[in-house]
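Here you get one chain, nothing else, as structure tokens; it is the form predicted alone.
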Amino acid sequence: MSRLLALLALLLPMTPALACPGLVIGEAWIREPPPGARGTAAYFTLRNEGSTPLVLDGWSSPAFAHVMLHETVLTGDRAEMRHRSQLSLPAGGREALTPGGLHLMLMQATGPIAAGAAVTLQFNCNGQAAQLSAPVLEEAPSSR
């Protein structure tokens, strides 16, 4: 079942975020949290198909008390997560949020989050809001 969900996540078309003109979000997925954990991470790609820059500066989800943009930074042999307050996307730009890089930290789940479910994520960009539904997967989708 998890392989089927992973395949479906890869096959999902890019979704226009209509409230944020030019913003297209695709390949969204959320890692299933380990047993007992109340947090996890979300990954996706962002494209700005518009003619003006976009600034994403807020994230939320009704399934989590807190959502923050984090970047994994390697310092020597140590990895740490750094909070980022915004993400700028130039016209024609693309940004991938992936494990080991930029990602959304989803903290303090308001209920159970299990593979097979879908979670709504909300984005604020240029003073407007957009949302999408991301599948929860047991493991990262393969790129085959």
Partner chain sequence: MQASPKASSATALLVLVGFVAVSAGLIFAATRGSKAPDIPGLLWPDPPVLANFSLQGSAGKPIDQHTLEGRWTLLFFGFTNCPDVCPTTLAVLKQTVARLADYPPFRAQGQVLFISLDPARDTPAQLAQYVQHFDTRFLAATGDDAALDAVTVPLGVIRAKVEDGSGGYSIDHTSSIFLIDPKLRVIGKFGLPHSAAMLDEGFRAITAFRGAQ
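Residue numbers count along the first chain shown, from 1. Everything quoted here is computed from the prediction, not taken from an experiment.
Just so you know, the form predicted together with the partner chain exists too; it's not on screen, but the next bit is about it.
Though the partner chain is not shown, can you say which of M68, L87, A117, A63 has a heavy atom within 4.5 Å of it in the model of the complex?
Partner contact (heavy atom, 4.5 Å) among the options: M68.
Would all three of A41, T72 and H103 be in contact with the partner chain in the model of the complex, where contact means some heavy atom lies within 4.5 Å?
All three within 4.5 Å in the model of the complex.
Test of understanding: in the model of the complex, would R31 fall inside 4.5 Å of the partner chain by heavy atoms?
Contact with the partner chain, yes.
At 4.5 Å between heavy atoms, is A109 in contact with the partner chain in the model of the complex?
Close contact is absent here: in the model of the complex, A109 is far from the partner chain, nothing within 4.5 Å, heavy atoms only.
Report whether the minimum heavy atom distance between P99 and the partner chain in the model of the complex is within 4.5 Å.
So P99 counts as contacting the partner chain.
Residue-level question: is A37 within 4.5 Å of the partner chain in the model of the complex, judged on heavy atoms?
Output for A37 is yes: heavy atoms within 4.5 Å of the partner chain.
With the partner chain taken in the model of the complex, which residues across 75-92 come within 4.5 angstroms through any non-hydrogen atom?
Contacting residues: D77, R78, A79, E80, M81.
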